[in-house]
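Quick heads-up: it's one chain on its own, the form predicted alone, in structure tokens.
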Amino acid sequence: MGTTEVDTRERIVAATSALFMQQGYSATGLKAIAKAGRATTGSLYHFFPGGKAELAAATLRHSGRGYEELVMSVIDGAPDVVTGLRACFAAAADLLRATDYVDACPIATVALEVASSDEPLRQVIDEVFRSWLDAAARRLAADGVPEERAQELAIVFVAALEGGFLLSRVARDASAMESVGRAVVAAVEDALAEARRGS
């Protein structure tokens, strides 16, 4: 693929992600994606011959990797996992305020819409979430949380982050994100303290 083709494909995926974030999967048509991505409908089918379903799967995987890298870079940039988690929730709260509570996760937006109605997309979203959970569990375990507990806390972390976005957007107040952040940090601190006592 040439540079121009790569640029066009990336524009299409970025436009699809933004539209999914704003209006969901069903309400996002190919014409709107083509317009937002400064592309033709023909070029959409060139890159995604499977049409909207293939484009959606590619967009969700791409967005999922991007969010995972962003979150893990915040955690990995901190001196320890507790500080990193605290920074994640603080950054999420700041993002909500900075975007006037408009920014959302396109993965969660589409997941709520298709989990019971579109099995192929449900599987893609499950794959994305599993990757997030694995990354978080590995990071927790690397800092001393026992493996089984790290897996449980990874679920709590991802669920709290996604739930924090939802509750904060609806309330137009980041307090929910801050509250779930404190709860996750406390749970991880407790798990680390327990692991130290047991060693």
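In this text, all values refer to a predicted model and were calculated from it rather than measured experimentally. Just count from 1 along the sequence shown to find any residue number.
Beyond what is shown, the protein has a form predicted together with a further copy of the same chain; the following relates to that form.
Colleague: Taking 4.5 Å between heavy atoms as the contact cutoff, choose which of Ala32, Ala39, Ala57, Val156 touches a further copy of the same chain in the predicted complex.
Modeller: Contact check passes for Val156.
Colleague: Consider the chain as shown here, without its partner, and state which of Ala191, Ala15, Val185, Ala176 has a heavy atom within 4.5 Å of a further copy of the same chain in the predicted complex.
Modeller: Partner contact (heavy atom, 4.5 Å) among the options: Ala176.
Colleague: Is every one of Ser43, Arg65 and Leu70 in contact with a further copy of the same chain in the predicted complex, taking contact as a heavy atom within 4.5 Å?
Modeller: Not one of the three qualifies.
Colleague: Can you pick the stretch from 43-51, 135-143, 23-31, 57-65 whose heavy atoms fall within 4.5 Å of a further copy of the same chain in the predicted complex?
Modeller: This holds for exactly one stretch, 23-31.
Colleague: Within a 4.5 Å heavy atom cut-off, is Ala115 in contact with a further copy of the same chain in the predicted complex?
Modeller: Heavy-atom contact with a further copy of the same chain at 4.5 Å: present for Ala115.
Colleague: Does any part of Arg97 reach within 4.5 Å of a further copy of the same chain in the predicted complex? Heavy atoms only, please.
Modeller: Looking in the predicted complex, residue contacts with a further copy of the same chain do not include Arg97, since no heavy atom lies within 4.5 Å.
Colleague: Closest heavy atom of Ile75 to a further copy of the same chain in the predicted complex, within 4.5 Å or not?
Modeller: Although a further copy of the same chain is absent here, Ile75 would stay clear of it in the predicted complex, with no heavy atoms inside 4.5 Å.
Colleague: Give a yes/no on whether Thr109 approaches a further copy of the same chain to within 4.5 Å in the predicted complex, heavy atoms considered.
Modeller: Yes, contact at 4.5 Å.
Colleague: Taking a further copy of the same chain as it sits in the predicted complex, which residues of 150-189 have a non-hydrogen atom within 4.5 Å of it? Please list them.
Modeller: Read in sequence order, the residues that approach a further copy of the same chain (within 4.5 Å, in the predicted complex) are Glu152, Ile155, Val156, Val158, Ala159, Glu162, Gly163, Gly164, Leu166, Leu167, Arg169, Val170, Ala171, Arg172, Ala176, Ser179, Val180, Arg182, Ala183.
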